[in-house]
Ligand SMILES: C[S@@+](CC[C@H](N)C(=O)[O-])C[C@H]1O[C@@H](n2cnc3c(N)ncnc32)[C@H](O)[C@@H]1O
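Here we start with a single chain on its own, the form predicted alone, put down as structure tokens.
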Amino acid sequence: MSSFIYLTCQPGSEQTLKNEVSAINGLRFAFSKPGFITFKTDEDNIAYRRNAVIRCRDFVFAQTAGHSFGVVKVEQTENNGDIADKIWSRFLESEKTTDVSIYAPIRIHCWERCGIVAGENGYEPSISRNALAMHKQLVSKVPLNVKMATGAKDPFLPAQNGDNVLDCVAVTSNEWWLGTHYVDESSGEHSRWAGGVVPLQLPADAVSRAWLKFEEAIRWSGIEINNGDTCLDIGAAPGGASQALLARGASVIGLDPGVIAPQVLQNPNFTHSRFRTNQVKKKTFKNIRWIISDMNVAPNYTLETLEDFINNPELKISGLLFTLKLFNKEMADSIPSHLKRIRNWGFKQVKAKQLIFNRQEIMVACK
């Protein structure tokens, strides 16, 4: 019997994600809209689906993933309550062929596919009012034989280990695509949130979107930046990424000849080093523990810059968190070689992801 899996990604990254997934034998492309892709497989096998697909963390460009089990079409005369009834009916019908049991803790993720890239015309990813309204209806109409997870009524609570998630994605204005995924310690941070959207809002005093990128990156990476840690922000101007670290109590050295925003400079835990990377003696940073970077330059330049610091014997770096810019789609082909180069620096853990709040770039975490 054929089965389907779905994956979501940043609009514009569909082909790159297709290329990643096509490396898995037995999967064939089926359908796509900007930011949403499905694949067909003849492997009607729960272990296959979980190991090969459900763990979206294994794909650089996948933001969520799951087993797809159908589409609910919406008629003009139907309200959200009618649609919720149809969704639950389809779920109960498919329970025998999905990896989610009605007797296991169920959590509901509802979101709308969006064809807009984060940061474009002021847009930032979030769960729409329509999706929240549908979540409320689904919760109110849970069948008696379905066990809900603790706190499942709250759409803003993350899924917990052991939760089975019912995914409801408004792919078009008249179609809800349904899927399921299982959450455990290996699933990755984004599997815990509807649409993979970590609920972040840019603070009023944030000086750039870099705050969003690095706040999300810290949560995704598992890097623990603690109170009193000393961090180096390479290419810090105007200081948005530094703000995310300062808020955690870290001390930050911002290395950049450019202008740092006054509200960042006024923080007593921030030091501005107004030099280019090739103008400073690396040994002056011997107390730093973490390095972050968000330079708007080609990936090879970023890697050469970081390599100079990593190779300095006087520095003892615990980890890195940085972006690699992808100025065109072809640059994604070089990601495997970039990651191989980074692993050769000696880090035990290296991973990469195009995060929800990234644009034409990926985030890389090493520790």
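Each residue number is its position in the shown sequence, starting from 1. Quantities reported herein were computed from a predicted structural model and do not represent experimental measurements.
Only in words, not in the display: the form predicted in complex with this ligand, which the text now covers.
Trainee: Using a 4.5 Å heavy atom cut-off, indicate which stretch of 233 to 241, 215 to 223, 149 to 157, 163 to 171 touches this ligand in the model of the complex.
Mentor: Careful reading of the contacts points to 233 to 241.
Trainee: Under a 4.5 angstroms heavy atom criterion, identify the one residue in 202, 295, 74, 132 near this ligand in the model of the complex.
Mentor: Of the candidates 202, 295, 74, 132, 295 is the one lying within 4.5 Å of this ligand in the model of the complex.
Trainee: Go through 126, 277, 137, 271 and name the one with a heavy atom inside 4.5 Å of this ligand in the model of the complex.
Mentor: Contact with this ligand in the model of the complex is made by 277 alone.
Trainee: Taking 4.5 angstroms as the cut-off for heavy atoms, does residue 29 touch this ligand in the model of the complex?
Mentor: Residue 29: no, not in contact with this ligand in the model of the complex.
Trainee: Wondering, does residue 301 line up within 4.5 Å of this ligand in the model of the complex on heavy atoms?
Mentor: So residue 301 counts as contacting this ligand.
Trainee: Answer with yes or no whether residue 80 is in contact with this ligand in the model of the complex, where contact means some heavy atom within 4.5 Å.
Mentor: So residue 80 does not count as contacting this ligand.
Trainee: Do residue 210 and this ligand come within 4.5 Å of each other in the model of the complex, heavy atoms counted?
Mentor: Close contact exists here: in the model of the complex, residue 210 approaches this ligand to within 4.5 Å, heavy atoms only.
Trainee: Using a 4.5 Å heavy atom cutoff, which residues in 245 to 270 contact this ligand in the model of the complex? It's fine if the answer is none.
Mentor: Result: 255, 256, 257, 258.
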